[in-house]
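One chain follows as structure tokens, the form predicted alone.
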């Protein structure tokens, strides 16, 4: 396994006293897997992602990435937030090479090849405002991939898109991640999205978030996201997970 969460708990202070956000969360992610994390609003999904990314420290428990305990941000992890956060004053090329630039890496050949491979090479001199929502998301993903991370953490990256665009873009991003053979963990509140994209789905309970169940979607392996939505088993998985969440709302 490439990611392993072991008894991860987090308690923080609020104006009303201590709040237990996560409690004894444990699960593993195998290399090359696409995993989704779903759960009721406020159950700690994004907080868990921040802990795995090394942006936040758990109160107890440990996350291991590639066999090493996470104690801070790692070059092995790429983070894609809810908004694309492209800098409007920089060109597409300037945006996708930001990571290598900050790391003082002179070789931008990976960014160049990714732009070429995924249809953005002709837009290198454009600014983000000149791109569609879907192209902006693709650009944001390429920026994350340009530093060659082993693991991608995706925090509801499609939530700002309209439904039709979201279906297309999520399938597009999923295809790129699979093609680049990256491991991915997606936080989403959309059960349909999780079932259409994932190898497995980790379901968290209401706060404090605990692992309630893990769904194996091996039966849908090999189908594209859109093909999954047309498959009879899609509804079965959706209904089962919906019932799990309904108990906890």
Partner chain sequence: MSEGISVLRAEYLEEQRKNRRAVTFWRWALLLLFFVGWEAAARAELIDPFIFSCPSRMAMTLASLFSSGELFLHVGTSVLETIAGFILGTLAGTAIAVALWWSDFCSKVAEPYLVVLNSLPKTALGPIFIVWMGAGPGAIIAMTLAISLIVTILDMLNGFLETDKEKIRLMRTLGASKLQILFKLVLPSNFATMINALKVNVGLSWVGVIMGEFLVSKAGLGYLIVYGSQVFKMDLVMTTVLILALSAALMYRCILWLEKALKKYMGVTV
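Since this is a predicted model, take the numbers as computed values, not measurements. Positions refer to the first chain, counted from 1.
One more form of this protein should be noted, the form predicted together with its partner chain, which is absent from this view; the next part is about it.
Not displayed here, its partner chain is approached by residue 53 to within 4.5 Å at the level of heavy atoms in the model of the complex. Taking non-hydrogen atoms only, residue 59 never approaches its partner chain to within 4.5 angstroms in the model of the complex. Its partner chain is not shown here, and in the model of the complex it never comes within 4.5 Å of any heavy atom of residue 170. Although the partner is absent here, residue 85 sits close enough that one of its heavy atoms falls within 4.5 Å of its partner chain in the model of the complex.
Here the chain stands by itself, but in the model of the complex one stretch of 175 to 183, 110 to 118, 77 to 85, 160 to 168, 77 to 85, has heavy atoms within 4.5 Å of its partner chain. Taking its partner chain as positioned in the model of the complex, the residues of 130 to 166 that bring a heavy atom within 4.5 Å of it are, in sequence order, 143, 147, 155.
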